[in-house]
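There is one chain below, alone, in structure tokens, taken in the form predicted on its own.
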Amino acid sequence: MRYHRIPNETVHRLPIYLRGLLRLSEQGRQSVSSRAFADLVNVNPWQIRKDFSYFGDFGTRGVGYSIDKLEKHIRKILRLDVVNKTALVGVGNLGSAVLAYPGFKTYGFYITAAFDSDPEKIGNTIEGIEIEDVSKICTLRERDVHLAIVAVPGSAAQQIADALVGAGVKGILNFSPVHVIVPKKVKVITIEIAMDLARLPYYMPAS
């Protein structure tokens, strides 16, 4: 099901809600009150109710939220109720850490292909994934891979993005410190760790 006209801020909060539900589920909880859930995810109760109102009524008055049902609803909304095959491009220090990160599977993401341009890396296996030459990116369409993580130097990011789009990739998580240009039908989320870190000192009290 496609949802239209949903604010980006709401979509941004849905994974936060899902993470909170997973924590509660691990504790063996079956339900949670709206106030307790709001405290857990650090979001105002009215904001949670407003976010959920775009998709239906998930709570029960006097009971709160069924953890299992709400988790399933959010997974379906985010399209995390199916396996999402993902490709990684760039297996340097950051890319290797991404391959080793176990958290992706919690949300249904499985890195099934990894690419690099370094001849010394090509053919090696990390976390059970054989590193392939970047020239093989064109095979992603036939492998049914529509998501990609880009962890290459900024100078190569646009070229890699172009190749991924040409291979049918519809969503890119970009760790490269540059803005890449893609067609409107392709969604790019850029994470620039150093830039985000650069905001922190502003909020620190002066010494």
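No experiment lies behind these values; they were computed from the predicted model shown. Position 1 is the first residue in the sequence shown; the rest follow in order.
There is another form of the same protein, the form predicted in complex with another copy of the chain; it is not shown, and what comes next is about it.
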Scan Ile122, Val134, Leu80, Ile129 and let me know which has any heavy atom within 4.5 Å of another copy of the chain in the predicted complex. Leu80
Determine whether any heavy atom of Gly64 comes within 4.5 Å of a heavy atom of another copy of the chain in the predicted complex, and answer yes or no. no
Considering only heavy atoms, tell me if Arg29 and another copy of the chain come within 4.5 Å of each other in the predicted complex. no
Contact flag, Leu22 vs another copy of the chain in the predicted complex, heavy atom cut 4.5 Å: no
Residue-level question: is Ser53 within 4.5 Å of another copy of the chain in the predicted complex, judged on heavy atoms? no
So which stretch, 45-53, 29-37, 168-176, 64-72, is the one near another copy of the chain in the predicted complex (non-hydrogen atoms, 4.5 Å)? 168-176
Residues within stretch 77-101 having a non-hydrogen atom within 4.5 Å of another copy of the chain in the predicted complex: Ile77, Leu78, Arg79, Leu80, Asn84, Asn93, Leu94, Ser96, Ala97, Tyr101
